[in-house]
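Okay, so we've got the same protein chain twice, two forms, each given alone as structure tokens, structure 1 and structure 2.
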Structure 1
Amino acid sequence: MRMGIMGGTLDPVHNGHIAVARAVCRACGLDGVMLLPAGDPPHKQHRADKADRWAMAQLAVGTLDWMSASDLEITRVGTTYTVDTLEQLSAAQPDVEWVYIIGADTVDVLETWRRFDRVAQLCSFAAVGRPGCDSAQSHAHAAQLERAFGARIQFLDVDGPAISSTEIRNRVAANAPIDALTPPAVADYIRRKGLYLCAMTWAEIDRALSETLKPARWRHSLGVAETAMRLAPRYGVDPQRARLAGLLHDCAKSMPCEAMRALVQANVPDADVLEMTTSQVLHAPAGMVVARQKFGVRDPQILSAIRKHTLGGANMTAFEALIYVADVIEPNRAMYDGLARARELAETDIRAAARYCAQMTSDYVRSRHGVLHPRTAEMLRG
């Protein structure tokens, strides 16, 4: 029996992995292919945790009868080395001949695999071209590995499609569609769990914020995230994106004023004087910059919702209004006049709720003889 192995970080698994596996399976007459997500690979950082990558691998395999998913590496403790996997597989199934399926970019780095000499004994390789890789160079490299390690590398005369996990992660972060790049069930999983929305996992975001914000501020941020997430579907907003904006809306709040001001001056060209000099407002444009620079947020609607969460603005989108309102009504807020009405409005009309919150701000500013920011005033006119 000859079995293919399609291994990798699979962060996430995509149509390229499946197309390449299918092409090799047919061309080499394999009896099947095992999709093998790595646990903790030595060469690579991954961005979704093991449980999610394993869940996506299972979804990708779905009902394909020629492909199965294996959790051999996911469940192993410690760094994942292919040599250990192959030793394990060969011992368990001595009659199987293993064919490791790789793209040309992997051919270029094969000898960095731990104990590659042993790996080369335990399996052969089926390699395909990869857009962006110099195929002549990969062929030459394969020949070198054959000479040096006795590696058996068969190059198929086919290129994988122009799809990579990196591209998928970038597209998700920018809120661009990925449906043509992954199996539908995987795209749906990514959306439901809010994977790849920024450069950190949810656990990393929690850690970063809980370490920098004061406990009450952190509780408040969790409340805003939860409120925004709950109300999001009513207003056609993606709940996980709303959750991220809610969590991050105050992410700059623990910075000293001077540092916030310098950050905004250098990165937000349209910040005005009032925004720069009012300390309760400054953390919003500063938060937008921190969300971008530290957390790797790329989605324009998340960034603008953070920017506008203190002053609001004319013609706010449902997303922006949702974060603006959630900041006011989240469950940890102490009760005051108007809060109950704001909460009620938020359930049915988020823009009306936003205008109501802006009116409360206006009343408060006037009572203290302050100057209402023109952007908040515009909201009340609109």
Structure 2
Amino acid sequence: MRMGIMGGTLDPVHNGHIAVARAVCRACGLDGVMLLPAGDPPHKQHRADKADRWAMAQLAVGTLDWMSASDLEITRVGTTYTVDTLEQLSAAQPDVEWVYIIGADTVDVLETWRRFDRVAQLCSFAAVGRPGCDSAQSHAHAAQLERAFGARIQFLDVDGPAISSTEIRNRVAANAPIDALTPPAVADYIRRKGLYLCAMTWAEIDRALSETLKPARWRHSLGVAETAMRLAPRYGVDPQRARLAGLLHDCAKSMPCEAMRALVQANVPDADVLEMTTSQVLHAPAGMVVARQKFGVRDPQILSAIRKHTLGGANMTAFEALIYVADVIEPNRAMYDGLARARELAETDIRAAARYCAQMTSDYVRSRHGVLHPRTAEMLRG
């Protein structure tokens, strides 16, 4: 039996992976191809954790009778090396001939793999075309590897769809569709789990915020995220994007006021004088910049919701109104006059709830003989 291996981070697995695997399977007369998501690879970083990448690999395989998925590297503790994987596979299935599927550009670095001399004994390679790859150089290097290590490398005239995992991650972050790029079950999993919404995993976001925000502010942020996520489906908002906006809405709160002001002055050209001089609201535009620069948020809806969560504005979207209201009504807030009514309105009419919260702000500012910001005043006139 001859079995192909398609390894790598598979972050995420996509239609290009499957198309190439199918073509190699036919060209090399393989009995099947095994997807092998890496656990902790030495050469590549990954954006989704290994449990999610393993789940997506299983979903991608679906009902394909010629493809399988293995968690061999996912479950291994420590750095995962191909030589260890091949040793395990060969010991468990000694009658199988393993064919490792690689991009032709990888041929040029194969000897850097850990114990490549042993790898070359345990498997052969099927090298498929990659854009920009120097074919003559790769063929020459393959000949050197054959002489030095007995490596068996077959070059195939196989080109899959022009899809990359990086492109998919970027599209998800920008709130662009990916349904044509991944198997439907994988696209649905990415949406449900909120993968690739920014440059960090959920665990990394939690760690970064819990280490920089004061404990009470961190609890508040968790409360806003949970509230926004719960209410999101009622108003046509993606729950995971609402969760992210809720977590990050106060991400600049730990910064000194002067640092926030400098950040806003350099990056938010429409920040007005009142916003720049009012410390209680300056963290909102500063948070938008921090979310973009530190956390890698690219979705304009998320960034706008963070920016508007203190002052609001005219014609707010349901997403913006949701974060504005969630900031006011989250369950960690101590009870005060009007809070119960705001929570009640949020369950049925998020824009009415936003106007009610704006009116409470207006009443408070008036009682303190302050000046209501024009953006909040616009909400009340709308």
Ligand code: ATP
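Here, rigid core means the biggest group of C-alpha atoms that superpose within 1.5 Å across both forms. For clarity, every value in this text was computed on a predicted model and none was experimentally measured. Residue numbering: structure 1 sequence, from 1.
Where the criterion is the form predicted in complex with adenosine-5'-triphosphate, structure 1 meets it and its counterpart does not.
Relative to the superposed core, C257 undergoes a C-alpha shift smaller than 2 Å between structure 1 and structure 2. D238: CA moves less than 2 Å between structure 1 and structure 2 after rigid-core fitting.
Positional change of V107 between structure 1 and structure 2 reaches 2 Å or more at the C-alpha, relative to the superposed core.
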